[in-house]
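Consider the single chain below, provided in structure tokens and representing the form predicted on its own.
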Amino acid sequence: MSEKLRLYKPYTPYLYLLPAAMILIPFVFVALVQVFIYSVQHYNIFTPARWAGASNYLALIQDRKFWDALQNTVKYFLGVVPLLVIIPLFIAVLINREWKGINFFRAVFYFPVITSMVVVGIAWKWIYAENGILNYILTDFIPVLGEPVNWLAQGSTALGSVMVVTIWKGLGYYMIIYLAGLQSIPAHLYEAAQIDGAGRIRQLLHITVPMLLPSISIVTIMSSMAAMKVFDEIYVMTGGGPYGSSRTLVFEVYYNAFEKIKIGYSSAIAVVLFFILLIFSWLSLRFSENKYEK
């Protein structure tokens, strides 16, 4: 019996991976290959698929809506990711204390994370409405605006308004990652810094931030991937409008696939997004490895 176990021992790790592989292979890897196949076909579910070669990609290059969606995705990335990396760090530092009732504040910050995006989107639509609480505060309570603004119905404010919701909802999630990292920093480092006369700011810059570099890298990669793939907030709050001003690449994939029934063209957009995410992930990992080596 022991001889048989010895023979099977090299395969033990693969047995643990088998349940996950049974889910990932048909629903992720097979689907990914199918998207690549559709991207070089004319296919709209009503007619048989026909070979298209690179025509979908050529049409994509000439499509102004695609470039607008790519530009909006980049804006979303630049507007959301830096704040989701920095703000949760400061919140985690502030609540990393053993004060009375601190667990309540941690739960309050984390509550938006476990709330459905549909519920969050509808609630923020009320806040952003022309007669909503935000306009009341900015026009009557603290008169900053001369007249109410319909935040989600104007091209100049729609995308930025959705960014605020994404940041607000993600703060608690990334805060927890930073809190886990803060718990692993030895207390004697801060004690030695205090003896040397270092204040809170110097401790933050010379102890906390360097020791949290692995957590910062994780948060940067995760928030970047989420920003590049944003869809729920856009769909619930603006529907890609007004006039396409808040459409992102993922929303463009959805719109072409399920609204215009252009499966092949939609797949070509998805392939482009896949390679963008792949390149960004590779660059992020290489950057993180270089940081750790130093």
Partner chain sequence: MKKILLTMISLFMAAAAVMASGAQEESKPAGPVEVEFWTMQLSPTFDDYINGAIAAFESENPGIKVKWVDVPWGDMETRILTAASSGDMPDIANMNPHFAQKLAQLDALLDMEEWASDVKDQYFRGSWDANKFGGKTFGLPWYLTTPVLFYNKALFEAAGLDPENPPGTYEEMFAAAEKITKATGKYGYMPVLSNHAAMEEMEKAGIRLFNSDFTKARFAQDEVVSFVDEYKDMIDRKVIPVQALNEGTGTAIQMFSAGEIAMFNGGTSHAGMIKSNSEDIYSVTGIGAQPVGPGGKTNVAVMNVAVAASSPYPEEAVKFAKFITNGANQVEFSIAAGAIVPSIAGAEKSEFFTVSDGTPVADARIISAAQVKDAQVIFPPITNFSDVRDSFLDALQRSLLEDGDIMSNFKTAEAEANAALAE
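Heads up, when I say rigid core I mean the largest set of C-alphas that superpose within 1.5 Å between the two forms. Positions refer to the first chain, counted from 1. This one's a predicted model, so the numbers in the text were calculated from it and none came from an experiment.
The same protein has a further form, the form predicted together with its partner chain, not shown here; the description that follows concerns it.
Within 4.5 Å of any heavy atom of its partner chain in the model of the complex lies no heavy atom of M163. Proximity of Y254 to its partner chain in the model of the complex falls within the 4.5 Å heavy atom cutoff. Looking at K75, you'd find every heavy atom of it more than 4.5 angstroms from its partner chain in the model of the complex. Though the partner is left out of this view, F66 does not reach within 4.5 Å of its partner chain in the model of the complex, counting heavy atoms only.
The single contact residue among G146, G199, G155, P82, judged by any heavy atom lying within 4.5 Å of its partner chain in the model of the complex, is G155. Between the options I261, L70, A59, A49, the residue in contact with its partner chain in the model of the complex by a heavy atom within 4.5 angstroms is I261. Taking its partner chain as positioned in the model of the complex, none of the residues of 191-205 brings a heavy atom within 4.5 Å of it. After superposing the rigid core, the C-alpha of L18 moves by 2 Å or more between the shown form and the other one.
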